[in-house]
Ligand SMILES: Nc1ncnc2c1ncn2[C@@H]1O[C@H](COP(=O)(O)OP(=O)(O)O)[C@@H](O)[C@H]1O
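First, one chain by itself: the form predicted on its own, in structure tokens.
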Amino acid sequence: MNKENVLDKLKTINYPGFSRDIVSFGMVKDVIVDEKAVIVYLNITSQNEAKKQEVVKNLKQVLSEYFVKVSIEISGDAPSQAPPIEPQQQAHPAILDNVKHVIAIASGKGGVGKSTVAANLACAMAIQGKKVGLLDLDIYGPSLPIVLGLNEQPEMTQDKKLIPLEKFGMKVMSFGFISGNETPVIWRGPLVARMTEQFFRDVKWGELDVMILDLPPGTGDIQLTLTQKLRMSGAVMVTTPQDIALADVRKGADMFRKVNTPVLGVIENMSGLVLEGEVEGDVSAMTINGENVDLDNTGKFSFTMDLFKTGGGKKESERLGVPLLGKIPISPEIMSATDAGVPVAQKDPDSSLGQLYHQIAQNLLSSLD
């Protein structure tokens, strides 16, 4: 075993409570290998002794298979990529203290389907019995009024708190409810940041199991306000398979990592177009887009055409070391349900698409619990 082999083994040890390993966090300062002995120098800034001891225990368990003596030295200097601060150490004020989990649905690029994904995941969680809040934070282009078919204006309490609208068992808020969805917003950054904070402080959310945040594209004022003001459970990155979308998603994911917000997983949206049909006559096979397609004994076929390449979501999830939560195909059913204001996870939860959203929602909730 040399130093590189040891580092490879250490990459299998995740920091407790996160899906990221101690090497990628920058906790491993140095490794010295001397025949049957090894010394590992760690940088862990956390004050949580239980987590430190868990790292030490896991490290010894992995390396004792290869070395007679395993020594570990821990210092408290900040590593190059500091691990997420322990929740009890975060200096956030008590915003949304009645909300157990806050999940951001994000992407560095527009047009990848964040709002559709956010609405469907929120509906799926509500159907699964959770108290859900859904907040549209895209000030310049709010989509939830259309996605959920809501055109009302929220009422206000006597203490000047907005009462979120309710739809499909969820509490919902969007800037589009206030400004009118047809009105363009021409604001500079400080106003956007202030409005973002008001959505947390001045809306009567009550007790929630989970709040889903539908973020705008990019890495600007709203994303920075979130990370400064909230203690978020994590972010879900939405991408389409092609390289131009992945390039922007990488920037968004790396931004969350830099501000110590864990990335919970990646969703590949618009992942191929499913073509289904039936061929008449005595035909056992056919060709679509240059690929052979088998037919069953009734002449029916199902074929997925990759319009935007394939595998982009898997590639990004592997780079981040997080799960690929799901691949959602391009579908007329999703489009028509979204335009009708009833997300497919709500409209037809037992369909293949509905089940896909429900499975992603269940996996997210399980990882948070």
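In this text, residue numbers run from 1 along the sequence as written. Being a predicted model, the structure only gives us computed values, none of them experimental.
Only in words, not in the display: the form predicted together with the ligand, which the text now covers.
Contact annotation for residue 305: none of its heavy atoms lies within 4.5 Å of the ligand in the predicted bound form. For the chain shown alone, residue 113 is a contact residue for the ligand in the predicted bound form, at least one non-hydrogen atom being within 4.5 angstroms. Within 4.5 Å of some heavy atom of the ligand in the predicted bound form lies at least one heavy atom of residue 330. Not displayed here, the ligand is approached by residue 334 to within 4.5 Å at the level of heavy atoms in the predicted bound form. Only one of 317, 43, 338, 46 comes within 4.5 Å of the ligand in the predicted bound form through a heavy atom, and that residue is 338. 270 is the sole member of 148, 270, 135, 249 with a non-hydrogen atom lying within 4.5 angstroms of the ligand in the predicted bound form.
With the partner omitted here, the stretch from 338 to 346, 60 to 68, 30 to 38, 317 to 325 that lies within 4.5 Å of the ligand by heavy atoms in the predicted bound form is 338 to 346.
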